[in-house]
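Presented as structure tokens, the chain that follows is alone, the form predicted on its own.
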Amino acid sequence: MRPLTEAETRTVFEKLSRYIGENIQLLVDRPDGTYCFRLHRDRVYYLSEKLLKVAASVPRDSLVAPGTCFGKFTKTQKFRLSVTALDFLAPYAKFKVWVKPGSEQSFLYGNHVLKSGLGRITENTAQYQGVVVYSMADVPLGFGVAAKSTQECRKVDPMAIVVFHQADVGEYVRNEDTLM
């Protein structure tokens, strides 16, 4: 387990800023202590500094997950955000999309959100902006990328894709053996 390099930190923070904007600072400096990001086996973990000190005494081969996995680096050094980061990103999300109850299951199976399943969308959402997907009961379901802006969503036909699927809580069941 090691600290992120400058390039890795920039890549992770650029990805996080697509979803939570300037609120990244709120992830690091929290009222309950200071938190940090660490890299272990190409995965980026988010953990408190107290936990970091304890994890330092564990041998590297025995360490499975020192904190919450926020995502992983691919072989081409791109960062893929994991669904395990949803609980930390949802409260700070700048742009949100609510799906109708009939479309929740489709999204949780890994499908994109269609206009017919769109309940609400945050005003001034730009195209290709990162969004957090909620149910109509304000339960975070996952995150994605807006395929259309808010204005385009009003005019598009019902079968058009409005949010590209990135990750959802259904992955806990579908990919439970590879999530760690």
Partner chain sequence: MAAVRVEEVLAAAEEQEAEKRRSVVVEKELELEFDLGNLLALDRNPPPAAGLRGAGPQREAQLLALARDNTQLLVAQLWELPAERAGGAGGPLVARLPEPTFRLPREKPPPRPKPPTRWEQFARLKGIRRRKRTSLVWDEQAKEWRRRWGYRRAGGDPARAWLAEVPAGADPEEDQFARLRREKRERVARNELNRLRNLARAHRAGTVVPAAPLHPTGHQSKEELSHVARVARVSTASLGRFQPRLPKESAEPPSRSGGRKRRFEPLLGNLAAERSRQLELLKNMSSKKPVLDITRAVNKQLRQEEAEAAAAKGKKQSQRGKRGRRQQRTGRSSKKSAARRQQQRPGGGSTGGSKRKKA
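Since the model is a prediction, treat every value here as computed from it, not as a measurement. Numbering follows the first chain given and starts at 1.
Unshown form predicted in complex with its partner chain; subsequent notes refer to it.
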| property | result |
| --- | --- |
| Contact residue in the model of the complex, chosen from T68, S116, Q151, N111 - any heavy atom within 4.5 Å of its partner chain | Q151 |
| 4.5 angstroms heavy atom contact with its partner chain in the model of the complex for Y172 | no |
| Contact flag, A56 vs its partner chain in the model of the complex, heavy atom cut 4.5 Å | yes |
| 4.5 Å heavy atom contact, A160 to its partner chain in the model of the complex | no |
| Non-hydrogen atom contact F164 with its partner chain in the model of the complex at 4.5 angstroms | no |
| Full three-residue contact with its partner chain in the model of the complex, heavy atom 4.5 Å, for Q25, C36 and L52 | yes |
